[in-house]
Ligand SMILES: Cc1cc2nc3c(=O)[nH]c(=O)nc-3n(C[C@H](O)[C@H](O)[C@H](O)COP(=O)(O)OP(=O)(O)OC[C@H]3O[C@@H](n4cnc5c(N)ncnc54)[C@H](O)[C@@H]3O)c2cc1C
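Single chain ahead, written as structure tokens, the form predicted alone.
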């Protein structure tokens, strides 16, 4: 393989480095690594892999948790150098797929603009989250990141560069959004922008009762009272802790008087809110947790079964399972705003996203987490739920 602007690697050190991801569970070793420096390199690598009969998988930041950005004996296409914010307009930005959302924010926030949806960790790549969905605290208003993207440049499996949107090559547009790279490699995206607040007010609300916790989550999402809504649960030695995080984009204010116990209220810069996990990530890195195994399952629960499945999930966890950094993420989303065809959600008005964010320190930990994940997937599917494919695939 010859790339016009990139490099090709077959040495053991490089191949081994790409045989992992943030999940740390799957270890598929590619036959070669192609580091793309341009769109022409992506076209060349795709055509070469097709002619050689090899699988080709694109990789951005490697933040997958189930081998989604790995290939066993195929071509690993690294898009980490395919970066750049090409244009920023009043309501959209054009950005290369290997660019991290945090880099895009550095270009848009000084102009008072922001993407409408950002994931909790903004240091993943634009192409990566658009290939899986991309959900965050504002998704109850805007849907997934794939629901707000305007246009995509895609290199198809046949090696053709195609621009697609809802009105131009719509079948390809629908296939590649949350398509896990199976129908083409996203190389450039035109993403929506909306006005960004300078500051926000964040409230963290505590609950002792699960049913009041989930009832308030539903009410908050339906009322659209806050710009950002998320829920967290964590078993502790003194009982399960439930917490709702709500954020208002100032100067708009909303009351929390009719909600749970206020554990924290703070005004902070919008940019700090978007990178709110930075202190936790730094602590995890310092403790060695960031490089351990993270087989984090993510599922969409039908609203009608959400309370029962959350109860079962929490009953299956102990404080030791959760550890210092673990948490159960859960919050409802209106399915009407989740319009991406590749993002399958239950056929109800609301769905609850549920994610078990646990770390496996030992092989025994991993075995227990894998068994628990299998039970969660089975219970979810029996209830009419689906998987959100950022985590380990069901059955793995």
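Numbering follows the first chain given and starts at 1. Keep in mind that what you see is a predicted model, and the values were worked out from it rather than measured.
Below, we refer to the form predicted in complex with this ligand, which is not included among the displayed structures.
Trainee: Against this ligand in the predicted complex, would residue 259 count as a contact residue? Criterion: heavy atoms within 4.5 Å.
Mentor: Answer no; every heavy atom of residue 259 is more than 4.5 Å from this ligand in the predicted complex.
Trainee: Flag residue 303 as yes or no: does it have a non-hydrogen atom within 4.5 angstroms of any non-hydrogen atom of this ligand in the predicted complex?
Mentor: Outside the cut-off, so no.
Trainee: Is residue 169 close to this ligand in the predicted complex, meaning a heavy atom pair under 4.5 Å apart or at it?
Mentor: Residue 169 lies outside the contact set for this ligand.
Trainee: Does any part of residue 216 reach within 4.5 Å of this ligand in the predicted complex? Heavy atoms only, please.
Mentor: Heavy-atom contact with this ligand at 4.5 Å: absent for residue 216.
Trainee: Which one of 270, 232, 296, 142 is close to this ligand in the predicted complex, taking close to mean a heavy atom within 4.5 Å?
Mentor: Looking at the other structure, the residue within range turns out to be 296.
Trainee: Using heavy atoms only and a 4.5 Å cut-off, determine which of 146, 71, 114, 119 is in contact with this ligand in the predicted complex.
Mentor: Only one listed residue qualifies here, and that residue is 119.
Trainee: Tell me which stretch of 238-246, 87-95, 305-313, 127-135 has a heavy atom within 4.5 angstroms of this ligand in the predicted complex.
Mentor: Contact-bearing stretch, as computed: 127-135.
Trainee: Go through 54-72 residue by residue and record those having a heavy atom within 4.5 Å of this ligand in the predicted complex; state none if no residue qualifies.
Mentor: Stretch hits, in order: 57, 58, 59, 60, 61, 62, 63, 64, 65, 68, 69.
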